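Single chain ahead, by itself, as structure tokens, in the form predicted alone.
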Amino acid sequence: MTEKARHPDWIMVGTILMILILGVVMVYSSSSIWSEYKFDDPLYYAKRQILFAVFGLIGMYVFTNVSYHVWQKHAKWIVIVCAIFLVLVLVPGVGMVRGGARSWIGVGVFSIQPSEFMKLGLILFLARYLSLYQKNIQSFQKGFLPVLTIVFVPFIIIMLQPDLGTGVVLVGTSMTMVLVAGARLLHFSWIGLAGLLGFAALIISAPYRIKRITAFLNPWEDPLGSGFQIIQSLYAIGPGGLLGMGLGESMQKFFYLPEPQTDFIFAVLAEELGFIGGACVLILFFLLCWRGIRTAIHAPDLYGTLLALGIVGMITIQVMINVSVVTGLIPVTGITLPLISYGGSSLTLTLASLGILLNISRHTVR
């Protein structure tokens, strides 16, 4: 094994850039009508997305050239700072409410979403913690329970916003890392059962979540209310057919899909580029996932393996949830498509995370 840094995984770099460019194009295509109506500028969202992409690419380049072991040293303070901002979101007058969730903090004309930072911060901390205390992970009291506490404290804070989609990604990514670290499947079975009961309680406790479940089961029961988004999404995907209606030719972006540049951008993509276009996007994400897992397998130490796997897991789980929601396979959760959907915090943090993954690829044992 060697720690000598080489060039990063160029296949991964190329895949990231292709997805990112497609994302900028689709943000413009999906938002031009809405942004012209709302801001009298059809390029409003596209220009901001390009700006976020530039910041994100700068971050990715910097993190690609910073040894991933630096984050191991500072992981504890990173997650503490992320937790502070996560709590500040809940403070009246500090947190901003959008779409019914208090998940943003205003910074000038922009806003940041601390839960996005927490996802990466928790991955950095868990990778450090699990690599240091792996020998205890098969013990419920000494290993598994402390990790659960670490994970579920930020999860509960995120659920107070509330933001179920981000919470599911955070827990799913964390549990993937714990499983790879060597936790016992018996512990996961008990936690899985408790998680199902807790998930049911979360749904029952909030009327809007119950509406989302009923809309998922039968969206036509309330086509102008809780079932509106999924019906309009399917109306977009259906006409796309095999080859699509053509780039820029979507009909659903004409005020049918609410803000189609965010959670439902894949529906517009499928309408304009068809089944083949949607399949190509999923193939690119699959390629990114494969190269990330390959990096994790060949990382020179356990910390690198867990860190790489956490970053890959975070992106993969988010893609699976978003595409499943858009195609009507699961209830609406309100989560963006990584590297493609409009959003500053999500895009810049995803690119920065991929920079860390690329740095690990520079140290892989080949």
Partner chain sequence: MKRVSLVTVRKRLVAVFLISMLLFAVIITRLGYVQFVLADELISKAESSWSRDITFEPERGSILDVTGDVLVGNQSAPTVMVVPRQVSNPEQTAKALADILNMSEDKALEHVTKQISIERIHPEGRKITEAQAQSIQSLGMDGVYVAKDSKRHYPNGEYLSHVLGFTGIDNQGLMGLEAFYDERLSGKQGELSFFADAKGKRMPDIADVYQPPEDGDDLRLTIDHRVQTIIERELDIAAEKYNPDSAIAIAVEPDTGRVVGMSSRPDFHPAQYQEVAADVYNRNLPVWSTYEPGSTFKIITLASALEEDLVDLNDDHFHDSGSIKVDGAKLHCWKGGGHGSQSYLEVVQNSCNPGFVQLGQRLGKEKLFSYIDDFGFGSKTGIDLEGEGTGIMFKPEQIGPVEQATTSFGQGVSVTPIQQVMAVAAAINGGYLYQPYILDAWLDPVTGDVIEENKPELKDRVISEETSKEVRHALESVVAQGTGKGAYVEGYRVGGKTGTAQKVGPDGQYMDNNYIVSFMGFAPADDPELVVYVAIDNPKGTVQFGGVVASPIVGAIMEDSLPALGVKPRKDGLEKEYAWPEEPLVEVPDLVGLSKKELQTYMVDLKVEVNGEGTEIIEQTPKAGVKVETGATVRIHLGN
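Remember, predicted model here, so these are calculated numbers, not experimental data. Numbering follows the first chain given and starts at 1.
Beyond what is shown, the protein has a form predicted together with the partner chain; the following relates to that form.
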Inset, instruction - Sort through 67, 333, 327, 32 and report the residue having a heavy atom within 4.5 Å of the partner chain in the predicted complex. - result: 327
Inset, instruction - Name the single residue among 192, 225, 198, 182 that comes within 4.5 Å of the partner chain in the predicted complex, judging by heavy atoms. - result: 182
Legend entry - Distance check, residue 239 to the partner chain in the predicted complex, heavy atom within 4.5 Å: yes
Legend entry - residue 77, heavy atom within 4.5 angstroms of the partner chain in the predicted complex: no
Legend entry - Residue contact check: residue 305 to the partner chain in the predicted complex, 4.5 Å heavy atom: yes
Inset, instruction - With heavy atoms only and a cut-off of 4.5 Å, decide whether residue 234 touches the partner chain in the predicted complex. - result: yes
Inset, instruction - Choose from 118 to 126, 266 to 274, 163 to 171, 150 to 158 the stretch whose residues reach within 4.5 Å of the partner chain in the predicted complex, heavy atoms counted. - result: 266 to 274
Legend entry - Any residue of 269 to 298 that, in the predicted complex, places a heavy atom within 4.5 Å of the partner chain: 270, 271, 274, 275, 278, 279, 282, 283, 285, 286, 289, 290, 293, 296, 297
